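Taking the form predicted alone, here's one chain by itself in structure tokens.
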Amino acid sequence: MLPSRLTRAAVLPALLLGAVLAAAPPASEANEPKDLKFATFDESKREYEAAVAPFVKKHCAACHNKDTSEGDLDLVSLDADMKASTSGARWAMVVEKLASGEMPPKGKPRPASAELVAVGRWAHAEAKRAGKNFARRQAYANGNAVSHATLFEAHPVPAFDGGNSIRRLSPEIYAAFTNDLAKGKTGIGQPFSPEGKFAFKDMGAPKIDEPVAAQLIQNALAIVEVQTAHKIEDGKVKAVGQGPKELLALFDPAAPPTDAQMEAAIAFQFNAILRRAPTASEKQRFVALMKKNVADAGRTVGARYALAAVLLLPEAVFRMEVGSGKPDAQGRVRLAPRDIAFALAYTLTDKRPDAELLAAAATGALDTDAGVRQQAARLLESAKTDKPRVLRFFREYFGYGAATDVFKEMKENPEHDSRALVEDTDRLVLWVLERDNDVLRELLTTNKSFVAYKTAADTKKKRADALAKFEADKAKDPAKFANKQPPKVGRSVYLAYGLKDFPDAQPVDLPAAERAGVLTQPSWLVAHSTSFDNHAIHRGKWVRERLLGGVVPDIPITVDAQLPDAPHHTLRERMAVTQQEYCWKCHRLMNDVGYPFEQFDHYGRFRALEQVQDVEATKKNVDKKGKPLGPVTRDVPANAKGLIAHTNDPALDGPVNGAADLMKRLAGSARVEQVFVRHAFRYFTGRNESPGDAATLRAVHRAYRDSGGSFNALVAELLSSESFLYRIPTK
């Protein structure tokens, strides 16, 4: 047990550093639009009268005035001063309805994109002046709330508005970072977890609460203990394990450490953890901290606590992408070269920058967009560079990895192996990426598939060996084996794909009329199912949001979102309740694009027939005493007809018959490509797109198309874009 004076003297500085981390501005504030700022309401009012009042008169006043006031909303009289009134919540709703396209209502003329942008810009700026950040909060959880037309069709292109980006290291990056420092020592806890409410896991505000801070401190001390492990033999200090020799001088029993030795130790720790030398001020502060701790707690403990404090600096737990230097003519500040190096490394890998990236930063090679693009392309194309974040994007985008989280009753299908199904889709994605041609179309339409690819060959061999042994034993003693079956070896995962055996060569071609891309892979179908049934609503919601770029509102708290318990009806028949007027407003966006996947069961197996309970046969299914023996089912044709609608793209809308038909239609759409680009933007930048990212998104989409659908080209363009490299500083 450490003495109390040590706890106060040595732990308190670390806790203070933790408080600095906790005070970092949340990402939702750091990324607020900056293209309009109002110091006074008079400034805001002039913009309101120039841009918003005419918009209200033209598009809203007919229904939302003091006489009609539809929805209990009078927009003509709604106070534009959000600070002096309670109108902020009402304006928040207006912005959300306009951004989602819900207003003006269907049948009314759509406002021009430039008009929508102008209203949104005023609302953002006035809300900020009033201390109300509703506009950004409304948009942050779902980037689709920003009008697609604003991003890809509006002219002129909205001004860049990307604010500072501060977010925690991802759990994977933190684990790799601490594992390198701790030399594989066990007991390093994971302090971070995904926020859970965003499209991708590595998004959200950089909050550090007390439990997280406590784990960070515990980890820092454990790491430093490994770094400084030593023993004293014959009056000399010697390293234990793989600890760096640069720190040994701190513990030499022959003489107390000199200022120069402490400075060298601090410099080593900064380079080991932050990949940079300490500033003169930092060196002075940390040497002073080490001296004080050594005086209070002794040489070993005091030095360790001072070294541990470096692991608690914001740079060690945050991605600090805030820009430096003077703003350019457009008000933008470019990230420092070293920050760009870290941003590139953390965007594609789970590791800190390699030597070549750091050298590029030090020699000015990252001072130009072309230089950044070159380094991004190098990392993407290098076979030696492990890029787990690339595959992770597709796992999170499609969501098929969640198949392992869906419980399935093994008695109904003992051959189900969710882990193998996910691994198969991982391999399919990597196979498409290796070719890097027309990537999205391939991922949405290919009928090729891997089938238990990690174990198929081994399982086939073991089965053949087991069968040969069984037949040999049976030949020796026919009577003994007369009623026995050959032993079962492994699971017949191939049944999920509609095959009769494991394929000899992979990937294998599946029937093109049945399978088309990731959304017809058993892993995706299972991930978007329930334990005992399909989930056409969830599947349709995914298509609407991830491919069509729509916004499906959250379920109102007043709605009991349950389908009737009617096993004698098909899922489509039970979903008829969602066509009630109150429900259909949202379900029209999901149901029709979810129905085509009804040609698969909830294990992802293709089917022409769907089983429902036979009411009459079940009633008659009793024993001699009248005790029910269980439900009896009957087959009905599986109805996989669907409809693409409400896309604002007449060429895309229309009926579809089955999942393959749906996917081939969607894969040919430029809008679907653009929505895919939007999701790649969110994942690789860690934030949702805003109107000011329109120029970047268009350039990224052009790069993708001009390269023949290269995902590497898409990412390289994104990582060398204005949105990735520049910030509008917060004043």
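All residue numbers refer to positions in the sequence shown, first residue = 1. Every value quoted in this text rests on a predicted model; they were computed, and no experiment measured them. Just so we're on the same page, rigid core means the largest C-alpha set that superposes within 1.5 Å between forms.
Omitted here: the form predicted together with a small molecule. The next part is about that form.
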Heavy atoms within 4.5 Å of the small molecule in the predicted bound form: does residue 541 have any? yes
In the predicted bound form, residue 382 touching the small molecule (heavy atom, 4.5 Å): no
Taking 4.5 angstroms as the cut-off for heavy atoms, does residue 532 touch the small molecule in the predicted bound form? no
Proximity of residue 38 to the small molecule in the predicted bound form, heavy atoms at 4.5 Å: no
Of these, 587-595, 622-630, 519-527, 392-400, which stretch puts a heavy atom within 4.5 angstroms of the small molecule in the predicted bound form? 587-595
Would 221, 266 and 687 all count as contacting the small molecule in the predicted bound form, using a 4.5 Å heavy atom cut-off? no
Assert contact residue (the small molecule, in the predicted bound form, non-hydrogen atom within 4.5 Å, options 499, 552, 297, 652) equals 552
With the small molecule left out of view, which of 467, 566, 359, 561 would have a heavy atom within 4.5 Å of it in the predicted bound form? 561
Align on the rigid core first; then say whether the Cα of residue 59 has moved by at least 2 Å between the shown form and the other one. yes
With the core lined up, does the C-alpha of residue 78 move 2 Å or more between the shown form and the other one? yes
Assuming the CA distance changes by 3 angstroms or more, are residue 57 and residue 159 closer together or farther apart in the predicted bound form compared with the shown structure? farther
Between residue 163 and residue 116, do the C-alpha atoms lie closer or farther in the predicted bound form than in the shown form, with a difference of 3 angstroms or more? farther
